[in-house]
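In the form predicted on its own, a lone chain appears below as structure tokens.
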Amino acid sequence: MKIAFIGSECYPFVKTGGLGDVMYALPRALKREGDEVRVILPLYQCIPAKYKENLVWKGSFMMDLTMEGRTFFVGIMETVLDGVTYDFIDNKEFFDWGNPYTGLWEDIPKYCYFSKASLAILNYMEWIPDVIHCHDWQAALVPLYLRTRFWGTPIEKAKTVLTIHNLRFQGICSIDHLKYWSGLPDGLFDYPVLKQNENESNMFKGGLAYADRITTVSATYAREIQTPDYGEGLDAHLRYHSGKLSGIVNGIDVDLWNSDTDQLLAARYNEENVLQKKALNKRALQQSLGLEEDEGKMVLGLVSRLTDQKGLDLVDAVLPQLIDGRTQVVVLGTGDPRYENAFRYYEGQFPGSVCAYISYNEGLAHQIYAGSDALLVPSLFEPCGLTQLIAMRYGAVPIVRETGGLKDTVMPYNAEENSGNGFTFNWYDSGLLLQAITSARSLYFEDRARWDEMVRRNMRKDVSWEQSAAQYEDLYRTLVR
């Protein structure tokens, strides 16, 4: 099949979150399955020069946009990486501002242009995909443009899939603002499609209505977003469209996240020698972060954006109770000053037992996965989550809340059957988080053989993109048929 991916970010060119990982890994997995794949992205000013230097000019044209039909330049720059073709849309007026996302008022015109230009360049290059796979609200207008402004052109035969990575962000703005910049027909600005309320429109809502299929990044999250608690105001809309909604859990890039080849680690290891080599990584982590160097201590890692969504208020509430002389806590991330300051405070209160590294450091993230015994992911909600998958790959046992993809990928430890691959809690409650951590520590210190067995079991677990890619291929084939 021929599949076009349209999204606002993609590793290694530009990445702010999990969307960038999916836009990178899923096309590569599909390419390995024999599909022909193109990824369409904006040519942001912030893309590193080393990637821009390899771009090849493929042509340009003028495209009308807005209610009054203003014309804008569309340039096409292309590169190929690992067999996947990447087409960048060049327009300095929209994309030469630095960061991918600036402010919603400015981003609405930017992604109206991007959605329409993405379809226009496919027609221009005469590369007509079987399926157009769009991602999040920034590409949500693609299905609407396809069925209106591009109807009767070669691209009309393509089917559309729209994936929800995080429903919290929807592209909501005034009806007048979106109507002007999109130039879409007035009939779409009604409640079944783009209308949010009397004065506002919702780009994501419109895309969900017009896409041929809707996916999200785990089966549990697909169910959760149809409820008021998780639906972010679109639960009724999603229930109405539930017949075309499904969840496919993400994978991770197992070449990038491979403890046996990871050059960033103090000692590389696999499931056969993990017990010996992980201890070396723990010692190196303790040394580099100023923690007391003791392989007998249990190290709890936390690699996260420091926001409410990630359950940091629960960690804040229980952290003093974790410091018992046998446990150390390592935090890596940036975000809400409330949490940044809280973890800095705990580092000062418990020197040698707590480290708060308030920054983004890719190398240190790898080292925390390798040097930690367990990883905390107590999220309020988590569409899929990648940290728990990486943790298992590196032999760090995940301690998670049962929500979204965390529930789908982490099976709670069962002492009677000696099964499961982590420790979980259901309700969003700090006492239940502490209880899950206490259970993990009990197994770690009192029955190390079973703990080590779980570590090896986790490292054998298939967390690659291959299974997910096969499910997406099945979905695409049902559409093409």
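In this text, all values refer to a predicted model and were calculated from it rather than measured experimentally. A residue's number is simply how far along the shown sequence it sits, counting from 1. Rigid core (definition): largest C-alpha set, two forms, superposition within 1.5 Å.
The protein also exists as the form predicted together with a small molecule; that form is not presented, and the subsequent description refers to it.
Put simply, of L386, L300, L245, M392 only one has a heavy atom within 4.5 Å of the small molecule in the predicted complex, and it is L386.
Taking a 4.5 Å heavy atom cutoff to the small molecule in the predicted complex, the contact residue among P100, G333, P143, P398 is G333. Remark: R457 does not count among the residues lining the small molecule in the predicted complex, judged by a heavy atom distance of 4.5 Å or less. At the 4.5 Å threshold, heavy atoms of S174 stay clear of the small molecule in the predicted complex, well away from it. Using a 4.5 Å cutoff between non-hydrogen atoms, A365 counts as a contact of the small molecule in the predicted complex.
Mapping the unseen interface onto this chain, S304 counts among the residues with a heavy atom inside 4.5 Å of the small molecule in the predicted complex. Proximity to the small molecule in the predicted complex, taken as heavy atoms within 4.5 Å, picks out 307-315 from the listed stretches 339-347, 86-94, 307-315, 149-157. Annotation: Cα of N199 displaced by less than 2 Å between this form and the one not shown, core superposition.
Annotation for Y360: C-alpha shift of 2 angstroms or more between this form and the one not shown, rigid core superposed.
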